[in-house]
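Next up is one chain by itself, shown in structure tokens, the form predicted alone.
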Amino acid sequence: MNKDIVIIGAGLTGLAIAHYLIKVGFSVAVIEKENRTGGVINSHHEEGFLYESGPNTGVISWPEVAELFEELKPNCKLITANPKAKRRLIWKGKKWNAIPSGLFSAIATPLFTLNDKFRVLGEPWRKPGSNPMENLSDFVCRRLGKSFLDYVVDPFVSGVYAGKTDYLIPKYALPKLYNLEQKYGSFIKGSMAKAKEKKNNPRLQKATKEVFSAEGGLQRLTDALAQSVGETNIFTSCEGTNINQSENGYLTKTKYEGKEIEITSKYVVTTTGAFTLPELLPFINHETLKPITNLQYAKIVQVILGYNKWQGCNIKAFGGLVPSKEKRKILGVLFTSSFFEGRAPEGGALLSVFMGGTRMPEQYDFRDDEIIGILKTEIPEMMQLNSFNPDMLKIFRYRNAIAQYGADSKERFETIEKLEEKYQGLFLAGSMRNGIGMADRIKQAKTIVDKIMQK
């Protein structure tokens, strides 16, 4: 068959790209190796609980998120986290402490040293850094102090990247934060300037920074996108997919429902992991691809705990993160039923516990009973439960969960740009570039479609 564009991967990125392309009149084929669409996004309804395997939430950090949900009505409804559960907790010593939300709480908090509390007052007048490859540990210590690194940024990075602050490079991993310093000279001054800019731009106001999901679970989002794309344009359970150059663009071969199919197209977009590229793109030398395929991923273990009746500590909060300095065996806990309605029976609770990451990668290979053994030690103490006796327990493992944006990102991004320039019509998308969050995937999809339309 002949299509304008072939998209590899029917996760959020691939489906969003296909959705936008079809809207403006392109013909597409989406190739997916799994037997379902949605990628790692998967919502489960069981025994009165609604839980996610894969991403639990996103953040409306780009206007494109709100705009996409508008386009998908009424098949998908955007929901945002309950503001009454906006507290973020950090474990220190033997209890959870709320991250300060104002001046008085910042003064009173035990999370930061007195010296660093005073140090923050001088942040607007501190000189910007001059090393674009400075790691996040040095970046934060230089501007805010060691205790801010240990008890805000380190656990934050565990919650977002499941990574380490001495590996991640702010220019690539947290570009918005990095650019605040570079453009405005200060986080505080930059945040104030951005707020003013946002106030004067109605479209930017759509980027509310609120935590979001979809009514009924995140799978409603990818299901709505798949419906928009149309089942005749999506090929699931595909095997042995590979792409080669052809006279007028590209030839994609794959095995679908026991048959070999070939699709010619002018454009090809890959949205799969960096490690899949050598097999997908055999016309590109493996050595050439190495700066991309060397990308490190954090391994994650996610444990869902459901309680029909909650008898632990106060969980009217978004969740709690654990600094590496505290030497606990979990990365953090999301109190999902506190910020989204309908996630647990009335009076009950739904928790998502995260383990592993680059801090404790060995946990990925632990047996289920070993994982449960850790939880029996950690959860009762940290959540003030008399015993570890959840009514529901589910364990999920993700080998290539979260791309790590370290010092090698510069070479990776440059290699991707060179390949796209050399092989016109080829786009390499997914979390290997442009950020790791759900909002980043939607933003990237829109950007790629705009580039194709310009061509």
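One-based numbering along the sequence shown. Computed from a prediction, not measured in an experiment: that's the story for all the values here.
Form predicted together with a small molecule: not shown, discussed below.
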Consider the chain as shown here, without its partner, and state which of A401, L426, L50, L68 has a heavy atom within 4.5 Å of the small molecule in the predicted complex. A401
Mind telling me which stretch in 387-395, 31-39, 417-425, 404-412 gets its heavy atoms within 4.5 Å of the small molecule in the predicted complex? 31-39
Does the small molecule get within 4.5 angstroms of any non-hydrogen atom of L177 in the predicted complex? no
Using 4.5 Å between non-hydrogen atoms, is S338 touching the small molecule in the predicted complex? no
With the partner left out here, check for me: in the predicted complex, does some heavy atom of A18 sit within 4.5 Å of the small molecule? no
Although the partner isn't part of this model, could you tell me whether P63 comes within 4.5 Å of the small molecule in the predicted complex, counting any heavy atom of the residue? no
